[in-house]
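Just the one chain here, the form predicted on its own, laid out as structure tokens.
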């Protein structure tokens, strides 16, 4: 590493800190991505490689720190303490990414298996490593494929147990959070339309198709195909935009 310039040395060190990888692996990933850190992370995490060693005893201690006193789970209070320790707002979208890594079944809850398994897969066994991994998890939202996976995960994660659909208020809150990240210009109009015209829970089909609509249809609706196989709610939204003069066709 001594032959590298200062900038490259810093990137190698940063990569090793975040991934727990060896210097050799860090150099290979960074060279393969032309020294772009985000690209190097993609290279590293797309390759099969031995999991970073995590100390089971430390994981147990971390779990016990946040575990609910009356249940063998981490509940809302424990997650609030965790966010405080990580110096992250509980409403920060990165906590959704954390939950995605843990394959959490329900919002504001982690089972022991979810929490410990998720941290092991991330190579985290201390609060310090957890904090160091937050920028990487935030960067995953910029990857279109990972964003789609996180978006689709959010539906099951956010809905009430035993319900097939997602409560409208919850769906609107999640859309505002997710599309703030992806910057869909019509998100506020979509939410206003739902409150004015729909006022019912959101189906999984509508949830998943909306991301496709936001990605493939221009905000001006110039390439919107009225004969396309969109859910009726999305077709009604297009009519609403035109009727209200928000979009001129």
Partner chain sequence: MSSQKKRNFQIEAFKHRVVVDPKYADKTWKILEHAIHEIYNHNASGLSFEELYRNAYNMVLHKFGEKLYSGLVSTMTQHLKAIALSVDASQGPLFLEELNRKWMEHNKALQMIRDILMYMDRTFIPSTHKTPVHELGLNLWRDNIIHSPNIQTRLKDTLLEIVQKERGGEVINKGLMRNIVKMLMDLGPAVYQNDFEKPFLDVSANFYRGESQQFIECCDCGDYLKKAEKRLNEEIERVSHYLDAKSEVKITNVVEKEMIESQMTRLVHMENSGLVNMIVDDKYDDLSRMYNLFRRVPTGLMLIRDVMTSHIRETGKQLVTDPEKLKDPVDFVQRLLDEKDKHDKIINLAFNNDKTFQNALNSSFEYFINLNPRSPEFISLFVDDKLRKGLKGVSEEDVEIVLDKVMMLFRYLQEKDVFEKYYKQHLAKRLLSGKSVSEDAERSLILKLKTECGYQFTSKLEGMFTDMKTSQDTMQGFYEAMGPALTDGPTLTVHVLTTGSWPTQSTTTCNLPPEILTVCDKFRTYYLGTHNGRRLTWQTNMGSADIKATFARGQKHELNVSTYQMCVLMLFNNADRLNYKEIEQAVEIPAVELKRCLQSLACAKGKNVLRKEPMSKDIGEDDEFYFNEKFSSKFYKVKIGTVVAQKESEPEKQETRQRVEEDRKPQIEAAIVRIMKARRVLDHNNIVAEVTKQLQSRFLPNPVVIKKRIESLIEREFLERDREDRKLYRYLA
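Positions refer to the first chain, counted from 1. The shown structure was predicted, so the numbers you read here are calculated from the model rather than taken from an experiment.
In what follows, reference is made to the form predicted in complex with the partner chain, a form of this protein that is not presented.
Taking 4.5 Å between heavy atoms as the contact cutoff, choose which of 192, 220, 209, 28 touches the partner chain in the predicted bound form. When the partner chain is considered in the predicted bound form, the option within 4.5 Å is 209.
Counting only heavy atoms and a 4.5 Å cutoff, which of 81-89, 106-114, 160-168, 127-135 contacts the partner chain in the predicted bound form? It is 160-168 that comes within 4.5 Å of the partner.
So, a 4.5 angstroms cut-off on heavy atom distances: do all three of 225, 231 and 236 pass it with respect to the partner chain in the predicted bound form? Checking in the predicted bound form: 225, 231 and 236 are all within 4.5 Å of the partner chain.
Does residue 33 make contact with the partner chain in the predicted bound form, using a 4.5 Å heavy atom cut-off? Contact check for residue 33: no, nothing within 4.5 Å of the partner chain in the predicted bound form.
Can any non-hydrogen atom of residue 61 be found within 4.5 angstroms of the partner chain in the predicted bound form? So residue 61 does not count as contacting the partner chain.
Exercise: residue 55 in contact with the partner chain in the predicted bound form, heavy atom 4.5 Å: Looking in the predicted bound form, residue contacts with the partner chain do not include residue 55, since no heavy atom lies within 4.5 Å.
Is residue 205 a contact residue for the partner chain in the predicted bound form, using a 4.5 Å heavy atom cut-off? Close contact exists here: in the predicted bound form, residue 205 approaches the partner chain to within 4.5 Å, heavy atoms only.
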